[in-house]
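Okay, so here's just one chain, in structure tokens, the form predicted alone.
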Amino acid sequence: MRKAYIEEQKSRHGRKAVVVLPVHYPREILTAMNVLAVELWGPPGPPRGPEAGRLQTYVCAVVRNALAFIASGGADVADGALFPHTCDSVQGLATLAPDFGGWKKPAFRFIHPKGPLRASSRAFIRAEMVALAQSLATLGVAPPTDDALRDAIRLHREIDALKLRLADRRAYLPVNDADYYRVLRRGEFLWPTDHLNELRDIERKLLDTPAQKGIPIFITGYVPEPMSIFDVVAEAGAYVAGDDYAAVGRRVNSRTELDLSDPWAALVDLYDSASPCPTHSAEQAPRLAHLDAIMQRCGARGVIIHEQKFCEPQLFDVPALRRHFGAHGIPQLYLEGELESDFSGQARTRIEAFIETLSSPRSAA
């Protein structure tokens, strides 16, 4: 489906397409340059070729599967690939994809600073953004004008604002989690205006009275794979009232006031105001406060920490998360996977048992 969509975008709109590895990148720059971003979170399931075996088994499945996917020709419809400096593994893939995966097309890099921004790091990331635009222009697309960049920023601000409204009123949306998150995740490859239209369609379904009758839970993690997690949660009698998935909720920027007189400075401001993420900063206190605020807002009665095995940035935070939730008496379940196609029977049973504990009167108190 993605391949057909990409080909249609290229033939009908004359757009270039770039495969983007997780997690953070200035998508507004690609939009302003008429470049379609197609994110590659694995893909899930068994590796699509033997090249995954070129990496150690203790490298996360997102990177191993991505190398196998690229080497098998799965990304050949794209015109280039972008490797943000999410972690050493993703950054290393920028070299491994050409060397081991046979990737012959441009490999772009985007290095973002770690930790809170200060004057020097603001200058650094601005220079990185300008350099990314210059490197993308080698695809034969025009560099972004300031007006095009302002328009792209406004478009993505509108998308994020709509996602926030939907998240705030999740209980009033008569759509199950599987369908809801399927729409949210289509933003990983749709042209922004197409994604915005789909979000507007789902917004029109909002009711004045709560539509969700299950137990509200909160999930934090990297990427919701397997997507059947939402079916398992629903079948157990709960729904996802809020999330902090790096692939979904965490990337929604809540900043509302933005000075667009200098659009490059505005992009830096957006980066600076992004939700706390362990791929951005090792500071845990701001992230814990952020998660507390979401949980309070959505009324979650328990939290699932859903991580990918060997994902170092995410796993560094897990002990702090577990201590924090435990200290506050918040029921929690820790799940770890490797981009499986589906949950094992054991994992399903653990989720069902966890949600059953949340349904007790003591837990609800």
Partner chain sequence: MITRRIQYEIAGNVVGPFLTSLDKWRKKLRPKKKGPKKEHPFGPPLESVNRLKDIMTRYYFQGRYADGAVPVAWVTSGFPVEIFRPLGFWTVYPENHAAICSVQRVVPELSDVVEKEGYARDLCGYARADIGSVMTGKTPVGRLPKPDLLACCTNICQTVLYWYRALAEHFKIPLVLIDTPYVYGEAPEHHRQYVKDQLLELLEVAQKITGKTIEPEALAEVTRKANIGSKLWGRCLDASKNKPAPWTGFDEFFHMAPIVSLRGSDECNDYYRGLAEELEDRVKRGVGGLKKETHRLMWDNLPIWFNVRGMSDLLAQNGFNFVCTTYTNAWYEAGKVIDERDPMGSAAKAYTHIILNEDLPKRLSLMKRLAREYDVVGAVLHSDRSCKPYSIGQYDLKDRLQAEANIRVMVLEADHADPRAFSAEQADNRLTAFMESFA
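Quantities reported herein were computed from a predicted structural model and do not represent experimental measurements. Numbering follows the first chain given and starts at 1.
Although not depicted, the form predicted in complex with the partner chain is the subject of the following passage.
Trainee: Thinking of 59, 120 and 312 as one candidate spot, does the partner chain come within 4.5 Å of a heavy atom in every one of them in the predicted bound form?
Mentor: All three within 4.5 Å in the predicted bound form.
Trainee: Which single stretch, out of 94 to 102, 165 to 173, 207 to 215, 247 to 255, brings residue heavy atoms within 4.5 Å of the partner chain in the predicted bound form?
Mentor: In short, 94 to 102.
Trainee: Hey, in the predicted bound form, does residue 317 get a heavy atom within 4.5 angstroms of the partner chain?
Mentor: Residue 317 belongs to the contact set for the partner chain.
Trainee: Is residue 109 part of the interface with the partner chain in the predicted bound form - any heavy atom within 4.5 Å?
Mentor: Because a heavy atom of residue 109 falls inside 4.5 Å of the partner chain in the predicted bound form, the answer is yes.
Trainee: Taking heavy atoms only, is residue 113 within 4.5 angstroms of the partner chain in the predicted bound form?
Mentor: Yes - in the predicted bound form, heavy atoms of residue 113 and the partner chain come within 4.5 Å of each other.
Trainee: So in the predicted bound form, does any heavy atom of residue 88 sit within 4.5 Å of the partner chain?
Mentor: Yes, contact at 4.5 Å.
Trainee: Tell me, which of 231, 283, 272, 147 has a heavy atom within 4.5 angstroms of the partner chain in the predicted bound form?
Mentor: It is 283 that has a heavy atom within 4.5 Å of the partner.
Trainee: So which of 38, 298, 333, 55 gets a non-hydrogen atom within 4.5 Å of the partner chain in the predicted bound form?
Mentor: Exactly one listed residue reaches within 4.5 Å, namely 55.
Trainee: Using the arrangement in the predicted bound form, list in sequence order the residues of 126 to 143 with any heavy atom within 4.5 angstroms of the partner chain.
Mentor: Heavy-atom contacts to the partner chain in the predicted bound form: 127, 128, 131.
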